[in-house]
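Quick heads-up: it's one chain on its own, the form predicted alone, in structure tokens.
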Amino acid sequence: MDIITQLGPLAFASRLRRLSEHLMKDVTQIYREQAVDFKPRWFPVLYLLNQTSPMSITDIAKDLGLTHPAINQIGGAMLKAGLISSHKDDKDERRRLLGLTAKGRRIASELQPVWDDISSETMNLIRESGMDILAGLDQMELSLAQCGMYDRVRNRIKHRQYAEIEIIAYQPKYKKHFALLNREWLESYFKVEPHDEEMLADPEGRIIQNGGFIFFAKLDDDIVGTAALMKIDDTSFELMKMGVTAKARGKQAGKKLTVTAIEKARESGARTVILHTSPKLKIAERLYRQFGFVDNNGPDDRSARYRRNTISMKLELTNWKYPREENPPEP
């Protein structure tokens, strides 16, 4: 049973590494039989320095597409083997230059026919596969240069989490969750103030009955977040009382609540959404700016309701679109 093969794309990197180790092992044996003390992993550096020498470690790393630490490690081993020399750059003492020694050039000359043989047999192996693997690798490396695997997987995780969040409207049975979720985050950073108490004690009377809305984020049958839209007038709402429980933060609940609130405000004919947040809440502020909120420099006496330091932000709804790079997946 070959688990790595069975895992398919999930074990793609492991399979490439296994293939690489197989080839490296065979090439190591070839070098040994040719009585040459040389390691396959040294090949790219030796080959490059045989073409252009000396070179800085930074330039070598850039030309080979490897990391600076990787070149340092390979360079250290080759230096110990007497294949390269190292000295400071006369023009910039902060830079270290690597160059081939006479031994290094001799080894490169001796191995050139062997490298030609390796290249020929590698092409035979590729032809036997029935596909242009090198062209495929070129395209894969180009694609990864444009968007790395970290970003690809991270975005997919975020899209999946976004889809898993269910947004539901206010019902009286959720009143306790509105209070609990808001108290949780308020008590984590501030103190619950009188204006907070009024809102949390009577969300229906203070928000719903005045033309506003309250939403809840549901995940795995648990209420994990909430947000409210307070109607200011016929053309504006205030996004307020947003809270997500600690265990669900980072799982897109706040983002989906924000999207829902903004879209509801626009559906209700509003042209502007304002909010008040604290400069202490850097993640929340970054989220709001991501959605297009900007500093509200106009008159806003609503900030005076709180003793805690607040900043006022606003979003103009004309032509507003969900940020393209954060688009949720299609349903």
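Don't overthink the numbering: it's just position in the shown sequence, from 1. Definition used throughout: the rigid core is the maximal C-alpha set that superposes within 1.5 Å between two forms. Only a predicted model underlies this, so the values are computations on that prediction, with no experimental measurement involved.
One more form of this protein, predicted in complex with the DNA, exists but is not displayed; see below.
S.K.: Work out which of the listed stretches, 89 to 97, 240 to 248, 122 to 130, 162 to 170, brings a heavy atom within 4.5 angstroms of the DNA in the model of the complex.
M.R.: Of the options given, it is 89 to 97.
S.K.: Select from the listed residues 270, 27, 66, 284 the one whose heavy atoms reach within 4.5 Å of the DNA in the model of the complex.
M.R.: Comparing distances to the DNA in the model of the complex, the residue within 4.5 Å is 66.
S.K.: Just give me the single entry in 278, 50, 56, 296 that has a non-hydrogen atom within 4.5 angstroms of the DNA in the model of the complex.
M.R.: Looking at the other structure, the residue within range turns out to be 56.
S.K.: Flag residue 22 as yes or no: does it have a non-hydrogen atom within 4.5 angstroms of any non-hydrogen atom of the DNA in the model of the complex?
M.R.: Taking the distances in the model of the complex, the answer for residue 22 is no, it never comes within 4.5 Å of the DNA.
S.K.: Answer yes if any heavy atom of residue 264 is within 4.5 Å of a heavy atom of the DNA in the model of the complex; otherwise answer no.
M.R.: No, residue 264 stays farther than 4.5 Å from the DNA in the model of the complex.
S.K.: With the cut-off set at 4.5 Å between non-hydrogen atoms, does residue 72 touch the DNA in the model of the complex?
M.R.: Yes, residue 72 sits close enough to the DNA in the model of the complex that at least one of its heavy atoms falls within 4.5 Å.
S.K.: Using the rigid core as the reference frame, would you say residue 280 shifts its C-alpha by 2 Å or more between the shown form and the other one?
M.R.: The answer is no, as the C-alpha of residue 280 shifts between the shown form and the other one by less than 2 Å after core alignment.
S.K.: Does residue 271 move appreciably between the shown form and the other one, meaning a CA displacement of 2 Å or more on the superposed rigid core?
M.R.: No; that C-alpha moves by less than 2 Å between the shown form and the other one.
S.K.: Rigid core fitted, is the C-alpha displacement of residue 223 between the shown form and the other one 2 Å or more?
M.R.: No; that C-alpha moves by less than 2 Å between the shown form and the other one.
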